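Shown here is one chain on its own, the form predicted alone, set out as structure tokens.
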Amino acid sequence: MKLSVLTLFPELIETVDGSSITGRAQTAGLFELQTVQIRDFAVNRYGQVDDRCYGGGTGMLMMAEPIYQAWHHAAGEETAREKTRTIYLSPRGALFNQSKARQLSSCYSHLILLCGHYEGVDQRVLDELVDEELSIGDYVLTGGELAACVVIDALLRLVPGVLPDESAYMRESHMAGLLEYPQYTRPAVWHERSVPDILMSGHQANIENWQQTRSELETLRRRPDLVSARRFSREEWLAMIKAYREESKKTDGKEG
């Protein structure tokens, strides 16, 4: 997979994505990261890439032509546009989620991410080049770079070889429409809090049933919107009720 980021701050993208797991994956050649400095395609020798908005208002707007030229630099001579997708990181875009990450990672070989700044981007270049707008949440950032890093990180975790194996992400939050179950490590007792006995039982089937039930219960408790259309079986409801009562007993005992 090739990832091209059109930005005024390439060093931010390179620092974040050159670190940790994504950094090691890049070194291993599992993906290609290209940052394109939009200012290299400024309209004059002063490096201008923005101007005042027609119709008034505060702040400056990024101009169409520098972005247009930067995009062509990133796209090169590609003719298979169906395998290339251009995304503008924008607070008015569709909400980015795990399902979208899976789609983008599996359907496209080249993603071009456009990072806005100031008051945003001239609508005409968006109309000409952008396939979709994505938002990472209902808030406004000073630029699209942090959002681009979030999208890239989520995508790369799904690229074969970036994580040890498929199981490293297939059972995580949102992959099956549920949140992840609670997890524990050594020591077995910490601050008088014990690891659930079943996780140390060695009985894999019981452990997996416990994990599935806790995953369902955590989702109902924290994000009921994720399971509004999900139909749980009678057995699943009974298991969740039992788990809830067990947790309530432990909590009541500590409070007492």
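Sequential numbering from 1, following the sequence displayed. These figures come from a predicted structure and were not determined experimentally.
Beyond the structure shown, there is the form predicted in complex with a small molecule, which is absent from this document and is the topic of what follows.
Novice: Counting only non-hydrogen atoms, which stretch in 83-91, 98-106, 152-160, 67-75 is within 4.5 Å of the small molecule in the predicted complex?
Specialist: Careful reading of the contacts points to 83-91.
Novice: Any chance Ala176 has a heavy atom within 4.5 Å of the small molecule in the predicted complex?
Specialist: Although the small molecule is absent here, Ala176 would stay clear of it in the predicted complex, with no heavy atoms inside 4.5 Å.
Novice: Is the gap between Ala147 and the small molecule in the predicted complex 4.5 Å or less for some heavy atom pair?
Specialist: Ala147: contacts the small molecule in the predicted complex.
Novice: Answer with yes or no whether Leu129 is in contact with the small molecule in the predicted complex, where contact means some heavy atom within 4.5 Å.
Specialist: Leu129 lies outside the contact set for the small molecule.
Novice: Does Gly137 make contact with the small molecule in the predicted complex, using a 4.5 Å heavy atom cut-off?
Specialist: Contact check for Gly137: yes, within 4.5 Å of the small molecule in the predicted complex.
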